[in-house]
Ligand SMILES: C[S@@+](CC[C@H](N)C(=O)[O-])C[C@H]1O[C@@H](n2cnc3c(N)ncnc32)[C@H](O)[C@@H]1O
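Single chain ahead, written as structure tokens, the form predicted alone.
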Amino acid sequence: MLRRTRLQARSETAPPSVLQAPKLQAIDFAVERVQARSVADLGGVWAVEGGYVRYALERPGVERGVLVDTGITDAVRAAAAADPRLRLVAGEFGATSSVAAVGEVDVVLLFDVLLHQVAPDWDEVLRRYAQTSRCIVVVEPTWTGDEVVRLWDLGQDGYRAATPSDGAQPDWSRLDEVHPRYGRPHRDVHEYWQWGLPDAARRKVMTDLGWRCVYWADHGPWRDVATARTVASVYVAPDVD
């Protein structure tokens, strides 16, 4: 049964103020729904220092966590050193090598990251982790239009209107130059906003795989972007009751 909710996150332990209630609530639901023993957080370093996977490790029954990111910080390394249940994987989480390094896991967290993923694109990321997990949690700014939009196609003014005012803004004269750190064109670097993703597009990818959406919450407008709302979804694999 699909659960729709606007309730606040429930937790016996008060989380750090930087962590967002919609994401904590979705973690709580997912862990309980599949009786999770393992959780992987993909791209969960920026601004939260792995806070969501560390929160998941406080949930009853969770025994191990994996955090995958290209920007592992000293604070995250210190957290992993202090908690042997937390394993770090340095790299782009969409790469096949990262998927293999994560291995089989009960719950995968995708928070504010799918709309940044190119080569592999966001939909291929979902397909890859659907092969190795039982539950996928997505919470991110969700495009209110009907179709998937590559934000570069909106032009410079349209791109700025569709992305947060304090977000990373690319140099439009260098979009096709190779980024020195990532070895791909600037237009394909995950540091920039890449996609306008409607909820229906994500859901179609998962339902085509036989997965079910068992939790959905609309948490309202997302910051200063008129074309985005914060939507949380939890999907479970076909073999999950």
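The first residue of the sequence shown is number 1, and the count goes up from there. None of the values given here were measured: they were computed from a predicted structure.
Quick note: we don't show the form predicted together with the named molecule, though the next part is all about it.
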{"query": "Interface stretch in the predicted complex with the named molecule - options 99 to 107, 130 to 138, 69 to 77, 144 to 152, non-hydrogen atom within 4.5 Å", "finding": "69 to 77"}
{"query": "Residue contact check: F111 to the named molecule in the predicted complex, 4.5 Å heavy atom", "finding": "yes"}
{"query": "Partner contact for W172 in the predicted complex: the named molecule, 4.5 angstroms, heavy atom", "finding": "no"}
{"query": "is_contact(G65, the named molecule) in the predicted complex, heavy atom dist at most 4.5 Å", "finding": "no"}
{"query": "M206: touches the named molecule in the predicted complex, heavy atom cutoff 4.5 angstroms", "finding": "no"}
{"query": "Candidate site G43, W46 and G91: all three near the named molecule in the predicted complex by heavy atom within 4.5 Å", "finding": "yes"}
{"query": "Interface residue in the predicted complex among R202, R54, R33, H190, criterion: non-hydrogen atom within 4.5 angstroms of the named molecule", "finding": "H190"}
